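Heads up, the chain below is alone and in the form predicted alone; it's given as structure tokens.
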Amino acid sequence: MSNLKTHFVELLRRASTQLPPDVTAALKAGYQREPPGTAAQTALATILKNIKLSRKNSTPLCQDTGTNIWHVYHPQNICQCELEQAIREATLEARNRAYLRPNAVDPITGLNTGTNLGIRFPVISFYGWKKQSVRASVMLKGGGCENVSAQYALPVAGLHAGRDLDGVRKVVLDAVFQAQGKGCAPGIVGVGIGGDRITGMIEAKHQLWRPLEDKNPNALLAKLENRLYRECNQLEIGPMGYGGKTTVLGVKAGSIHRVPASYFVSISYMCWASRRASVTITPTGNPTFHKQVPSSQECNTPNCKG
């Protein structure tokens, strides 16, 4: 498959400089909710101006272009090493064009590679499917919002949070309250219920791919999402912590099975700059860039999408 690197560079440009339409619409709605002249509305006005300028000038929405998280669906006849090589080359090119900041820091030496490439950096997950095309989606996860992500092991006595969905609700509210404006609110909250400490956080991050307007197919989780969205915004933390009605733009929750001894609730907090983009590339190398990341739930078996 030809021109993979070229298409991936363009994908990174779009992710870094063009906020998805559902997130932009939610920020505009938040601006309309806030009283005129308040710090909250002023902050949202600045954010919306930044979004417009970034798209116009192809400059990053935020100086922290974050960790690059890739989900790549591919047919069996394409080697994952070919796709990974194209992603790494595209990452370096995007860094050279200033779409990405050099963010890869060695935790032992403290040295920045200067290339935005490192050990398991970017983060790439591969999935096989029965289609002949390649679909690559990328999310740019900023460090500030990652810092206020959290994980709880239920029960939590201090919050009166038991091993049930009401306990989940209480710890999610606590995580958002603890974040205040440090995660660059208004945020988007991904919640992973169950699993272990690793898979629970993966599930929480997976929820951040979902469009804000979609509805959870699980009725209980849909009800939980709606209640948490309402109650998080009643915390009045507001944009950047200035107070106001717009603390979160959305709450998305998913669940995975756990062992009897553990009940983890993982919260992945995403800042207002929820940067995600997707491209589908045909066998002849023609790309289609998507305004929203398409649903990956296209096959009933976990490892086969198609």
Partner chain sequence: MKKIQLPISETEIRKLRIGDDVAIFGEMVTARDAAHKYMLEKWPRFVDDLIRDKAIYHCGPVIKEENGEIIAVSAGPTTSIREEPYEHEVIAHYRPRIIIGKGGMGPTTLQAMKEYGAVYVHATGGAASVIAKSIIYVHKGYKRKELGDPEAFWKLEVRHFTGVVTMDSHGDSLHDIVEQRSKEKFYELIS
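The shown structure was predicted, so the numbers you read here are calculated from the model rather than taken from an experiment. Positions refer to the first chain, counted from 1.
The form predicted together with the partner chain is left out here; the points below concern that form.
With respect to the partner chain in the predicted complex, the three residues Lys170, Phe177 and Ile237 uniformly fall within 4.5 angstroms at the level of their nearest heavy atom. Out of the listed residues Arg88, Lys131, Arg101, Arg163, Arg101 is the one that sits within 4.5 Å of the partner chain in the predicted complex by at least one heavy atom. Residue Thr59 is the only one of Thr67, Thr59, Thr280, Ser262 with a heavy atom lying within 4.5 Å of the partner chain in the predicted complex.
Exactly one of the stretches 119-127, 190-198, 140-148, 205-213 approaches the partner chain in the predicted complex with heavy atoms within 4.5 Å, and it is 140-148. When contacts are judged by a 4.5 Å heavy atom cut-off, Ala222 does not count as touching the partner chain in the predicted complex. Among residues of the shown chain, Trp272 is one whose heavy atoms approach the partner chain to within 4.5 Å in the predicted complex. Contact check for Asn226: every heavy atom lies farther than 4.5 Å from the partner chain in the predicted complex. In the predicted complex, at least one heavy atom of Leu53 sits within 4.5 Å of the partner chain.
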